[in-house]
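This document opens with one chain alone, in structure tokens, the form predicted alone.
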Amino acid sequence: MILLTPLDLSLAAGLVILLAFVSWRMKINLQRQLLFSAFRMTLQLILLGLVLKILFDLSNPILIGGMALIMLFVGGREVFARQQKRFRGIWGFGIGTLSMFLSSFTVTAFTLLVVIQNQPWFAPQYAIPLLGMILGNTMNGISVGMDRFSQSVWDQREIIEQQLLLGYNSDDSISSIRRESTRSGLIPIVNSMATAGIVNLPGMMTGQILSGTSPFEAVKYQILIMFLIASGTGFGIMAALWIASKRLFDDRDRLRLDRLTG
């Protein structure tokens, strides 16, 4: 494996700085966000590397569980922040967080206990990267699905209320919106699977190959990861939208838009 030096990383960072300069000259006005995101990403990954080194050395299940919960809560906060129409109160944060927990943690546990069967099953070199990849993609899918769902309900509120007046129950009146929102959330991972190996080489596979792993072994791991991401994302979106649709109606099947912001 070829080790990267600070100079190597600085040369790559120079390309991002050049992009920010071009953005400023062309008045795209994304240079600040671009540089801030690059700085934040670098700082977060450096800190993550230090934390993972400690976790790998100690292999303490309590510390690993704490790290997993931090990842979950940060992901839940990002789901909440990316929505234009959000649920009020704890529900705005809780729906995404609970859905990610139910899907991502279940899929990760299944993989560690049944598929990989490493000893101990919570070994951080397997558990944390797997959970991180599944959780990150599930977070993106839920964010897209929830944003589409809440905005569609708001835009079509009169249609939903008319259907309720005609005798539709809450589930029937909102089922088409839930289906389209699920579809929107799943499109990115479906596209990723359809183009993997043809249009792009996925990141994990590329990293393994660059580190000296056999290409065929890297391919097998990447196939596993794509299956896990797709299932975790799909189940997470479905869970989030099911909870959200129940939250939007009261026990008398009345639409409660006052539970959304805006």
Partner chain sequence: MTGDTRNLHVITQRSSHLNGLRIRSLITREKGPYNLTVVPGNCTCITGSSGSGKSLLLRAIADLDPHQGEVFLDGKSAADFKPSAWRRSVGLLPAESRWWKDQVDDHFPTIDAELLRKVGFSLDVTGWQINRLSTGERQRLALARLLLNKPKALLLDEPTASLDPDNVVRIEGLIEDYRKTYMTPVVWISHDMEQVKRVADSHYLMTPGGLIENGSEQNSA
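Positions refer to the first chain, counted from 1. Small disclaimer: the values here were computed from a predicted structure and weren't measured.
Keep in mind that the form predicted in complex with its partner chain is missing from the display, and what follows is about it.
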Discussion item. Which is the contacting stretch out of 152-160, 135-143, 69-77, 94-102, given heavy atoms within 4.5 Å of its partner chain in the model of the complex?
Written reply: 152-160
Worksheet item: Is I116 one of the residues lying within 4.5 Å of its partner chain in the model of the complex, judged by heavy atom distances?
Response: no
Worksheet item: Any chance R25 has a heavy atom within 4.5 Å of its partner chain in the model of the complex?
Response: no
Fill in: Heavy atom of L164 within 4.5 Å of its partner chain in the model of the complex
yes
Worksheet item: Applying a 4.5 Å heavy atom distance criterion, does Y126 contact its partner chain in the model of the complex?
Response: no
Worksheet entry | Interface residues of 65-95 toward its partner chain, as seen in the model of the complex [heavy atoms, 4.5 Å] | none
